[in-house]
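For reference, the chain that follows is the form predicted alone, supplied as structure tokens.
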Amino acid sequence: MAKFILKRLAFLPVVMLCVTMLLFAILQLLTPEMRASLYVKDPRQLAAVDQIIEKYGLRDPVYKQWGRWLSQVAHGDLGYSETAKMPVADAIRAFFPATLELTVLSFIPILLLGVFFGTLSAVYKDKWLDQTTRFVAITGYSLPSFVLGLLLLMVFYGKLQLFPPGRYSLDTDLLVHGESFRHVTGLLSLDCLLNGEFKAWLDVAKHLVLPAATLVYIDLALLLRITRSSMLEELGKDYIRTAKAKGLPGAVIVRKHALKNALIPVVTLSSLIFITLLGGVVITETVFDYPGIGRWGVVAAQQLDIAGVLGSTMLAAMLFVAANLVSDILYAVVDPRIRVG
């Protein structure tokens, strides 16, 4: 296992190089003038555009531009994001904790509810519980996230004034940016508790409810379907019939025999859901005005913020490789028969 992990970690730089190489190739579709125009405030300053092109070598061959950028990254410089008005590394540190906070709050109920009700749905096939979970799965899988998000906003914010969009209110904004507030983890809800600011914690929690509820309902649907399908397949196999013939209790058969074997595709899907959430759920973050990494990446792409696009894409690629590594390790934990090498 250690050899396998080291091999995958060694493969990470190769993935990063391929991702950045592909991005640089795509960026060549933009003219040097288009790439330089982002840093010029007055469109009449054509001379400034030429100076930027000359300064950063935007007309150089793509391999030279790519090599310069890799050299900067090796020295810890990811460039300056004009859309975030800060260095890319600082922008990642500013936006990623918000996405991580939303991801953790959403993924835990997705995983627990998906496995629990997906299993029950298979065990009680065609009963009322199965019909209910199938309805949730079908509607969640079919409903666009922006439609659900807007509906939740209209009801719980527009009508009931309960859960506002954004990440926090003005009072909490002044508090968290004050000198006395200690940013320990970067997760605002947790930092509020560590600072003893329970009123601010409640405000942050209220802002998280609607985006988290949207993600849970949408992503829970697919996990329910996969868990149910995998469990139904396992419950119909010979070893389950043998266990029943031996007189084993139904709960033991489901928990200790069928569920373990059914979790293999669930582990795969769960890791993909987690990395999708962690990479930034653009539509949900946009609908709820939530300042996450995905929303920043899209804004950077829209405004031709090359440094921001490269930084956010590199982060997403690293997270994807890490999630696949964890997923492969979990295979061996769930099913000891699987050996990775």
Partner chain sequence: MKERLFEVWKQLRSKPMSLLGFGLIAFFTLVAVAAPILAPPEKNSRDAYLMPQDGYSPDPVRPHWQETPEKHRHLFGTTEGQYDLYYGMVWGTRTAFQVALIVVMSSLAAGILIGGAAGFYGGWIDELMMRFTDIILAFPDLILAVVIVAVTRPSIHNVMISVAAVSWPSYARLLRGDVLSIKERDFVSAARALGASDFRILGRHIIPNCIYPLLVVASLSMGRIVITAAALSFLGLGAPVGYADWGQLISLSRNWLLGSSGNPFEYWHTVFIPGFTIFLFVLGWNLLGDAVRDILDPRQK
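These numbers were taken from a predicted model, which means no experiment stands behind them. Positions refer to the first chain, counted from 1. In this text, rigid core is short for the largest set of C-alphas that superpose within 1.5 Å between two forms.
The discussion below concerns the form predicted together with the partner chain, not included here.
- In the predicted bound form, the partner chain lies within 4.5 Å of some heavy atom of Phe135.
- At the 4.5 Å threshold, heavy atoms of Asp238 stay clear of the partner chain in the predicted bound form, well away from it.
- In the predicted bound form, the partner chain stays beyond 4.5 Å of every heavy atom belonging to His183.
- Among residues of the shown chain, Thr139 is one whose heavy atoms approach the partner chain to within 4.5 Å in the predicted bound form.
- For the three residues Val62, Leu263 and Leu330, a heavy atom within 4.5 Å of the partner chain turns up in the predicted bound form in no case.
- Interface residues of 138-152, taken as those with a heavy atom within 4.5 Å of the partner chain in the predicted bound form (partner not displayed): Ile138, Thr139, Tyr141, Ser142, Leu143, Pro144, Phe146, Val147, Leu150, in sequence order.
- For Pro291, the Cα coordinates differ by under 2 angstroms between the shown form and the other one after the core has been superposed.
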